[in-house]
Structure formats: structure tokens, C-alpha cells
Ligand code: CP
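Quick heads-up: it's one chain on its own, the form predicted alone, in C-alpha cells.
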Amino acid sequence: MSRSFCEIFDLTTDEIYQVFDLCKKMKKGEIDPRPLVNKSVACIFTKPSLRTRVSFEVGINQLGGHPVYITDNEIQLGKRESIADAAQVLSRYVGMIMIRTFAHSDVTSLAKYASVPVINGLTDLVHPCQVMGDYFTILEHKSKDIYKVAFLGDGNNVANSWLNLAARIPLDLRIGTSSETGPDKSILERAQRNRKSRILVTDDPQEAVKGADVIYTDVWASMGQKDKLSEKTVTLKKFQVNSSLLAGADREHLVMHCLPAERGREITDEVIDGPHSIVFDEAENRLHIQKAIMVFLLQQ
């Protein structure tokens, strides 16, 4: 049975650090694994994408493979045919499956029935490749035993993935959000069971950023929720990442955003383009971490 990567919690603590170490070596050019030579990777997209599509296609090519781009119109996963049948058919053709979609159950079902590794490129529940790349980026810029990370805004798939990371490795994670936009309760409870991490969910943005090493935000209405944008803008406006709020963070703080950004809403131009921003470093590292994840899974 092949290993899949549906969420960060699928990896043990040691395995997460193995992926980071592999990513570091590959990015520096110390090793050049090409496990996908003469293999193709099915890349299923039911959501539009810039970073996920380009970083995976480039990464697959650099690993010696060929990406096969598949849209929802072509596959109609779970409608035109069952996910189980599609998973078994694709496993006969390709060496790996990557999917970016809405329902997290689509990813877990693919992983259940496929005989090749399945990677979650994003679901409404979690965005694991993003946060793995984010943490790797923090490691490149800072060296601490426990990082103080403040996530501000909607308790969405990115916030859930930060909680999944905190369930595996020590983090001082503060989530600043309203009572109506909190993260997934079961994922939150799982993270809280890790005694090595400190988890705070607060509706006070100043409390969230106090002394923080990293301030992180995302759009307030994710894909599929744009009809709620006006409502969430009212609810979350005090969580905007701006210079005034950042005055309470650590002097050497880093600013992160998974992109695309709605500038002037969840984050201001002066912050995202400012000297503390590492937004485009983290965007670049999507390529490197995803290559490391693919190599790791293919070595299992």
C-alpha cells in the first residue's frame, strides 16, 4: 500500500523533519533525485490555481516526470464514475496523483482506493503543502526552539493546517479570529492534546500578535465562499494585518500570506511589500517542499 499525504497529521514528527531535511538538500542542489523518470503524475484540479498548478508541474518535470492536467469537466470525480473506480484506473496509468478540490473526502477516498501515492494540493478543510512550505520558509529565516506564530483572519483550511502542524511539532500558535469564523473543532482539539505546543484562539488581534515571531494571514473568503465576502469583511475587519497591529509583534517579526492576497482587505500594501515580508519566499518554497514530499512518498 502506497503512502499518501492527505494532511500534515499523516506524517509523524520525525517524518516531517525528514521532509524538511530533504527539501533543504534538494533546494541547495546537494542531491538531485529523479524518481519520476518515465512516469506521469495525474494532476486533478476542480479549483482554479496559479501556485499549486505551476509549482507541481515544474516540480514533477524536475523530478523527471510528466504532469497530466485533468479538469473537473473531464473527470467529474464521483459523478461520472465512482472515486474508487477512478482511483484504480488512474493507478494503472500514473505513478502518483495530486488533487486540488473542494471536499476533503474526495482526497481520502482517492488515497483509500489508489495503489499509488495521493497528494492533497488543497481542500476546503486543509492546505497541507502550503503550511509545510511555510514552516520550511520560517526555518530558513529564523532559528528558535519554538516559534510564536499568529494566524489572523478566517479559521480556514490554512489555519487548520497550522493546527495540524502544531499537533506534531512544538509551536506557540495563536489564532486571532471571531467566534463565528473559528477553525475546525476536531482539528483544534487534536492540536491541543500535544503538550509540547501552546494553542490560543482569541478574538483579540493584539493578544494574538503580542511578541509573535510570525504574523500570518489569508483571504477572508476562500474559493467557494465568495458570496460571504461582505459578511466576513465586517466580521474580520479588526484582524487586518497592518502597521499599527504589527507594532505589538516581535521587532524581528516575519509577515506571511499564502496568496492570492486581497490587498487592502486582510493585509495592507505597506506590510505585504514591507521589509518584514517573506511572502514571495514562501511562494517559491511551494515548489521545493512539494518536490520533497513527492520524493519522500515515492521512497516509502
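One-based numbering along the sequence shown. On a predicted model such as this, the values are computed, not experimentally measured, just so you know.
From this point on, the text means the form predicted in complex with the ligand, which you will not see here.
For the ligand in the model of the complex, the listed stretch (49 to 57, 270 to 278, 65 to 73, 26 to 34) containing residues with heavy atoms inside 4.5 Å is 49 to 57. No member of the trio Asn120, Lys291 and Val295 reaches the ligand in the model of the complex with any non-hydrogen atom inside 4.5 Å.
Proximity of Gln130 to the ligand in the model of the complex falls within the 4.5 Å heavy atom cutoff. In the model of the complex, the ligand lies farther than 4.5 Å from every heavy atom of Leu246. Although the partner is absent from this view, Val255 stays clear of the ligand in the model of the complex, with no non-hydrogen atom inside 4.5 angstroms.
Not displayed here, the ligand is kept clear of Leu229 by more than 4.5 Å at the level of heavy atoms in the model of the complex.
Checked against the ligand in the model of the complex, the candidates Leu200, Met223, Val89, Ala103 yield a single residue with a heavy atom inside 4.5 Å, and that residue is Met223. Residues Cys258, Leu259, Pro260 are the ones in 251 to 282 with at least one heavy atom within 4.5 Å of the ligand in the model of the complex, listed in sequence order.
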